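Next up: just one chain, as structure tokens, the form predicted on its own.
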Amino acid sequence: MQDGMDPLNISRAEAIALLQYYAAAGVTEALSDVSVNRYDLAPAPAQAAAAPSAVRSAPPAQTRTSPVARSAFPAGAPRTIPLEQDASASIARDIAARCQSLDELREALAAYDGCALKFTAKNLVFSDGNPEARIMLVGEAPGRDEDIQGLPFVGVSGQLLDRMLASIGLDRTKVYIANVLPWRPPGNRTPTPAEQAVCMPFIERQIELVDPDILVFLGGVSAKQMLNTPEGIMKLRGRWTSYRIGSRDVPALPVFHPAYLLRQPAQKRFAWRDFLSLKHKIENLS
């Protein structure tokens, strides 16, 4: 809010623009001008008790909605989105299972309204690279640059990923890249379990349709979700495991996310070892 602007005397367009800014920045809670001490003790029984007539005439309690339901969505977005319903994941599985090609899966995701992230993201980020490639990389979620361009790994971390691939003779014509989430979480926050659940059937189907010979999971969110394990990336990275695709087990390698390596450059030596292991695996498959 600009200095001198009366918050009660702004235009409808200004109010909508402000709410959209808050949504894009990841704001999910509304705060008042009056501070609240949430550590205060509950009111004494004498103060909390109400007369029987007052209890009978009190209006029904408001149902508490999720923070996402209170966020400002662009025009046309649903007012509330159930995030914790098992039915949402079941519907997503049915939709994904009916897709017989990557193009159909992309169209299904573009039309899917069951994930709240869609309404705060600018673009669907489906994939990049060669769908015929033998190697598939699965990242976590789009960031700001990816959200703007609609492609995975195009920002600074994507540039590092390109250099890491080049170090073992690969580029985007020889790999296929996707994310476990096709929409950017507001403010690059960690996706909720419910958001992961409704997006999971789509990335699983995407892997089935690509049918790669090697999978690389970039980052802890991707590795933990796709391998269904509670272990963190520090324990998972560099350890070959397998991922079931149809009737076959595909070699899978969890590695550090490039964004983490930008924050912790000392860990690049481990990433280099992991990519040498990947190169060796590719050579053995050839």
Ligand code: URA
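Note that the coordinates shown come from a computational prediction; the quantities given were computed from them, not determined experimentally. Throughout, we count residues from 1 along the sequence that is shown.
One more form of this protein exists, namely the form predicted together with the ligand; it is left out here, but the text below deals with it.
S.K.: Among 163-171, 90-98, 141-149, 207-215, which stretch sits within 4.5 Å of the ligand in the model of the complex, heavy atoms only?
M.R.: Answer to the contact question: 141-149.
S.K.: Considering only heavy atoms, tell me if Thr120 and the ligand come within 4.5 Å of each other in the model of the complex.
M.R.: It does not: once the ligand is placed as it appears in the model of the complex, Thr120 has no heavy atom within 4.5 Å of it.
S.K.: Give a yes/no on whether Arg237 approaches the ligand to within 4.5 Å in the model of the complex, heavy atoms considered.
M.R.: Contact check for Arg237: no, nothing within 4.5 Å of the ligand in the model of the complex.
S.K.: Between 151-190 and the ligand in the model of the complex, list the residues on our side with a heavy atom within 4.5 Å.
M.R.: Pro152, Phe153, Ser157, Asn179, in sequence order.
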